[in-house]
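Single chain ahead, by itself, as structure tokens, in the form predicted on its own.
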């Protein structure tokens, strides 16, 4: 069994590695975990001893198959709890991350299975991120940043890259949500900002930075 801190590190390594596809530098881990390099080195030793990661000097950290499986279970719990908080307790989507960070460490597999069933087996969380099933599998849909779209095609908002409360609050204020249909009315050449129509009703301007952090399907 992993400690809370070990689970947090493993989840961070999983995300930094592109879902386990590349090695991660210790400096990247330290920055993500907001800690000192020495603390990262200590944790690398602990996780290596448990066969969760492998480490080679100058090449970085790679997550093992066992480590990836453990990380995916933490991700699964986190996203199920976020979904529960929004759907059943009516939290707003900008309020749930920190609470789910605490709940994701609950160890009861039965509780998580019951939670999944209670929520009717959701496939994405409130931010549009895929929820792994109990075997760690999930469906990946090809998504692109809104900033990469052009023309007046109808586009569906699928997920957010930036999960910060301030960004999510901004999206709520202008009426953007997961599942919203948008059309690009104009792209401003000067700064890359967009004028968009949301659900055929509301026109708003959004910055290039905001559009880069919205993932969509055309």
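Here the structure is a predicted model, which is why all the values come from computation and not from measurement. Numbering follows the first chain given and starts at 1.
In what follows, reference is made to the form predicted together with the DNA, a form of this protein that is not presented.
Interface membership of residue 5, defined by any non-hydrogen atom within 4.5 Å of the DNA in the predicted bound form, is confirmed. Among heavy atoms of residue 23, none comes within 4.5 Å of the DNA in the predicted bound form. Put simply, residue 173 is far from the DNA in the predicted bound form: not one heavy atom of it is within 4.5 Å. Using a 4.5 Å cutoff between non-hydrogen atoms, residue 181 does not count as a contact of the DNA in the predicted bound form. Note on the interface: of 63 to 71, 182 to 190, 157 to 165, 37 to 45, the segment with non-hydrogen atoms within 4.5 angstroms of the DNA in the predicted bound form is 37 to 45. None of 27, 169, 150, 51 but one reaches within 4.5 angstroms of the DNA in the predicted bound form through a heavy atom, and that residue is 27.
Although the DNA is not shown here, in the predicted bound form the stretch 49 to 79 places heavy atoms of 55, 57, 58, 59 within 4.5 Å of it, in sequence order.
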